[in-house]
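This document starts with two versions of one protein chain, written out as structure tokens and named structure 1 and structure 2.
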Structure 1
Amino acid sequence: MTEEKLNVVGQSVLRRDGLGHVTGKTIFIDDINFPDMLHLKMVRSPLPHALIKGIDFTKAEKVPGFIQALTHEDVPKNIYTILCLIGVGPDEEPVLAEDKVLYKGEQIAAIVAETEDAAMEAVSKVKIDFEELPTVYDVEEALKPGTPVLKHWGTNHFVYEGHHCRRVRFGDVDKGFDESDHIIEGRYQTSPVEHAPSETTGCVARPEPDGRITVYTNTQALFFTMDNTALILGVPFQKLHFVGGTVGGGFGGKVDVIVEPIAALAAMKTGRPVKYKFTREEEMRVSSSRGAWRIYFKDGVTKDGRILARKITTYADAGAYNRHTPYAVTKHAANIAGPYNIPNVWIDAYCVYTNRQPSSAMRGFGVTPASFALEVQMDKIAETVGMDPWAIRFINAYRNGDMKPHQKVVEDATLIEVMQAAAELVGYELPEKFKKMSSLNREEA
């Protein structure tokens, strides 16, 4: 093979966007303004679960600068689910609430006005009659009979190909428990986390003379958002022109499709550019968060540290709507047993709906809470068995050629090499047998 000179790999290459950032000339969404631009602000639910009995815009319409109010009746395909593009269904989230709301802060009606202040004032004057409904906030409560049911299909969980949860079945866990010397259980609970990007979520939608709508947005998922927006608005994809790429922090918080469809609709209705950008409060209280997870482990382990059986029941709190959680649960289910070679694994992973602000993607997509619970559990195993936490992980580490619980052959194992490097970096002297291990093969017993 001839040796090629590499121009980028191995070199320190200055960022293309760096000069814009250090001079403040990078254009973020809030820096985009047009002379005839309108502002959109949202009427939101003050209640976590309620029926909407009526909406009265009379006083809002009298605010100087008020242009238009939009409700679900104005949205061509109001009920959607973001992941419909990869076959996830059924649709379940309204762009604007219809007869009920499922979380505090849910979008009910959009107010478009000449200025941000006028839009906010008009929002404050919209009167809504609610009938409050009982709420559910706990993932396990949500699955019990007699709990308020949030979804039109009659359950508080997502349905995976006809099943109540995402299931992994591998070997026979009961047999594994019988053959074990220790049964080690653990319950793990994580909290929701807000991404809190420095720049809040937002977009500007502008009608063009040729009938297209240009949407300047800080989404992290430009084409996904454009396709969903086209479906919601019932327009051909080529009618939309999405401009993006500059994101003032996202971390997964800007992959949902929330501001663009309604701003584009408002631009179509008014024939003027419309800006819809979250306030900091909206970003904190209304935008999707990382979900809270509750994870139960039951492990069967021999006295010399081999994990023979692992049974996991895990619940993702999706909040009120899907967003990206059904997918996060699938990723979670594929990763929660860990990078370990365990002959018997049983996993039930639930995507549960509650009256909380929807959760969605955030760095790791369901895998981060899995790793947290899993590795604390591994330490707990080490402590119970009376072994070094490093040893427990080397003994159980998977190797290339092993079968993962979700029936995929391991092809890219690096756990052993990563642990060897980590031990060296922290100055921990590993026993010779662990230093000699390799992910590529399994040594003779």
Structure 2
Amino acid sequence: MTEEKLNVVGQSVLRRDGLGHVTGKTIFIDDINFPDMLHLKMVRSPLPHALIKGIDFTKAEKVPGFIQALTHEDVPKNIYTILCLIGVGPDEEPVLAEDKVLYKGEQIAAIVAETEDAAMEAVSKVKIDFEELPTVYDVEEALKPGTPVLKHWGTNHFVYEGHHCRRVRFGDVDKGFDESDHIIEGRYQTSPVEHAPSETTGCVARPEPDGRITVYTNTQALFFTMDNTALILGVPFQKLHFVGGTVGGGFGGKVDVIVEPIAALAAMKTGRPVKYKFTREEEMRVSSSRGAWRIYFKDGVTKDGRILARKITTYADAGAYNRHTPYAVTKHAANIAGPYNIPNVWIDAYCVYTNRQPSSAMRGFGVTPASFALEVQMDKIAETVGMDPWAIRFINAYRNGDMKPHQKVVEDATLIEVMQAAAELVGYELPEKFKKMSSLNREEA
């Protein structure tokens, strides 16, 4: 049998779009223009939490080039449907705010004008009568009695199948702590992270002669975005034609279906192409970020480095609305105990609402903060019991056939093999017993 030549593995593969990028020939959303195209800009809340008592467009309508203002009353289904397609609800974020706002920068009304400058000037002329409300910014404070309640269902947390958080119960952690030689605790905090794409979020919606709306967008999830836009607009899916391609940087942030529904609605209302593109300031201030997490660990460990019990309470700051955080918390709960064989695990993972801008997807969202916290905790365990950090991980690594805390059998485990390869790459001499370990079984030297 002749050796097959590998075309990708171990090879340097040119990006399909690389040449276009470096020669300036790539077409981005801002390069797409049509005759008679209008521009859409958003009236945003200057307050993080307030009732909307009234909106006055009188002065905005007098700006030369003003075409139309859109409010929640113009949106057929004025609710984002981001998670309904994967069966996660409730849908609770309005496309355009109705009676109140929950974060600074929330969309209230869209202004459509002949030019971008005219749209921005008209936005500045809109007068809104607010009644400011108390705010909450800390995830633990948000769950205390007496804190302002942000959600219509009466809590500041997502409800998972009737529970206040996503729960994992495996074994008996109290018994595990009693049998341990060391109790090691840790508190870990991450901060919000903005994706900062080179190209800001945007799209162009164009009415076609056959009645369809073509949307040129830099979304990361073309069909997902099209389906959600159709649901919001109350039109058949086939009435929309979405054209993607160059994303201009996304990292998870361009899956939130924020600009497409309102731009398509404006195109339907005016019968003209409409461009809605975030400014750099909007991208930084109102696009969804990687959420902040606060994670508490309590581990019971024997003097020889075995983790007998792990208890975790973790809080995800969803900001004002769901976006993808309830789903992220589920992924987080499944991964926060780590790739380790721990017989007793107790996890409470909260999805908490605050008056911050909504958080959402970003590169392994839910899992990345879990990995950060748990691996720092593993180092802390090694230091406390006086063992090598490599040894702590080899001793506790799970193998094929082990049961994960969320009741899934481990398959295709490779942690041991990856650590063995990493040690070789960095020139670290592992003890012979660790070199002979395998993820396939628990026979150790």
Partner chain sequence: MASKIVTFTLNGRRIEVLVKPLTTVQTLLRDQLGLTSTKAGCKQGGCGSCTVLVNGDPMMSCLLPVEDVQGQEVTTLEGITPTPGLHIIQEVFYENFAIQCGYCTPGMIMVSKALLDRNPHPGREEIIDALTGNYCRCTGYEPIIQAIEEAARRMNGNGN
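Take the two forms, superpose them, and find the largest set of C-alpha atoms that agree within 1.5 Å; that set is the rigid core. Given the structure is predicted, the values throughout are model-derived calculations rather than measurements. Numbering runs along the sequence of structure 1, starting at 1.
Note that the form predicted together with its partner chain is the one shown as structure 1, not structure 2. If you fit the rigid core between the two structures, you'll see the Cα of residue 422 move by less than 2 angstroms. Once both forms are fitted on their rigid core, the CA atom of residue 433 lies less than 2 Å apart between the two structures. In this core superposition, residue 10 moves its Cα by 5.8 Å between the two structures.
Here the rigid core is superposed, and residue 20 then shows its C-alpha moved by 2.4 angstrom between the two structures.
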